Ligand code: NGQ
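Next up is one chain by itself, shown in structure tokens, the form predicted alone.
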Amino acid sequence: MRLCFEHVLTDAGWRERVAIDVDEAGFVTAIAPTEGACAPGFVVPGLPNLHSHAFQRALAGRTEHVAPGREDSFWTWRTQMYALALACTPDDLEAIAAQLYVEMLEAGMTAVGEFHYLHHAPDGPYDARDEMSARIFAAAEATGIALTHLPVLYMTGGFDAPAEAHQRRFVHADVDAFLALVDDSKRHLTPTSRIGVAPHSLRAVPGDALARVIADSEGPVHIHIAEQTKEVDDCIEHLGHRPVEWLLANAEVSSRFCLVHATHVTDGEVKQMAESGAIAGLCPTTEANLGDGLFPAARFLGDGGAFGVGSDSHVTVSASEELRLLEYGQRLITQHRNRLAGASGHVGEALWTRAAAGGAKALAQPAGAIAVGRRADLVRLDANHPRLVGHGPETALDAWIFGSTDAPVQDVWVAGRRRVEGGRHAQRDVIAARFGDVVRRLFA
């Protein structure tokens, strides 16, 4: 198959009038100039969404209130999230995830890292222990998004504290049962899906269990870390070190790892994170919504670090908003502009290309750039969108990320197959109707 475009952001920069050859497996085999007819607009690599809790999309807009006399925080929000987790059936989860993945694709996100901890029925394990994982794979297959499935190990309710009753759908009492779930989930793998593991956090996984999961598994390792100041304080109290400091000292952290949030880190930890090769998994809209804080991204990138972005709790599903808020957060804490600009000097292009490459690496997905040998995950932006009119390729991403909340996404391909055409996913209406039925019942 040959796809021809007017402007393409390749791994070597912007090129004009380009033909991209894609083989039957969905990989780019050639990129060459063409004199033939070309689709207009700006084509960029698909953006991976590296951190997702799919079921939480149903909670968006339902926690933005506070009871009189109460101060809201991450920890009070969590109780509302647990209530939803206890209510979701397998059918519910599949419907919510499919709706979310349609929204991601229409936003230009071509892969997702599903940090999946909703494992069990409310009253115990399902007959098929991978029942809920199977529903995530089914939603990905139905929508066409590339999936990196990350089953979560959750063992304790806090450092040296037993799990709470409302966490019962998450918890594994031993590592063997968890690793069996991971193995069972592998039967659902497809050519565009991958599997890894996600020890939830240092507070939820004891050190010996963490070491075994890392040693006895393959693929990416994702972990929540240093998201809240309480978590940092508790870690110091129980382990004698800050979370990132402890992890770097007690695990062979490498490019296999994605450290999610890492919001509260010292300069020394930032430098060590960058040197380890671990990807920083940043979720700016959720981190803002939950009052987590700001990751020092400018310093991290200055130390040679790599990052990707995720929409996490999905208070919004917007590639431009995640990247815009990431940059604006750095401006607010440094009181300077254009903090994350790359060699081109254009912040939008630097944010997109870095997040695409880092996200793909974190998810072990063979995409992240438009290049020979990479999977053809492509996003075509509409040059006639009101915010892109008059822009050339050098400023197109600046115009979208900093000038518009609407997605000028015209078409999206995953592994060379078009999943979004004219801004719409082919299954949007059917999937949205099913999602609507679920949330009306869940919140009746």
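Note that the structure is predicted; figures quoted are calculated from it, not measured. All residue numbers refer to positions in the sequence shown, first residue = 1.
Another form, the form predicted in complex with N-carbamimidoyl-L-glutamic acid (NGQ), is not on view; read the next lines as being about it.
Within 4.5 Å of some heavy atom of N-carbamimidoyl-L-glutamic acid (NGQ) in the predicted complex lies at least one heavy atom of His224. None of the heavy atoms of Arg339 is located within 4.5 Å of N-carbamimidoyl-L-glutamic acid (NGQ) in the predicted complex. Interface membership of His53, defined by any non-hydrogen atom within 4.5 Å of N-carbamimidoyl-L-glutamic acid (NGQ) in the predicted complex, is confirmed.
The shortest heavy atom separation between Glu349 and N-carbamimidoyl-L-glutamic acid (NGQ) in the predicted complex exceeds 4.5 Å. Contact with N-carbamimidoyl-L-glutamic acid (NGQ) in the predicted complex, defined as a heavy atom within 4.5 Å, is made by all three of Tyr82, Tyr154 and Asp312.
Here the chain stands alone, but in the predicted complex its contact with N-carbamimidoyl-L-glutamic acid (NGQ), taken as any heavy atom within 4.5 Å, falls in 72 to 80 among 330 to 338, 356 to 364, 215 to 223, 72 to 80. For the candidate set Trp246, Phe137, Tyr117, Phe300, a heavy atom within 4.5 Å of N-carbamimidoyl-L-glutamic acid (NGQ) in the predicted complex is found for exactly one residue, namely Tyr117. In terms of contact with N-carbamimidoyl-L-glutamic acid (NGQ) in the predicted complex, the residue from Arg256, Arg242, Arg203, Arg324 that brings a heavy atom within 4.5 Å is Arg203.
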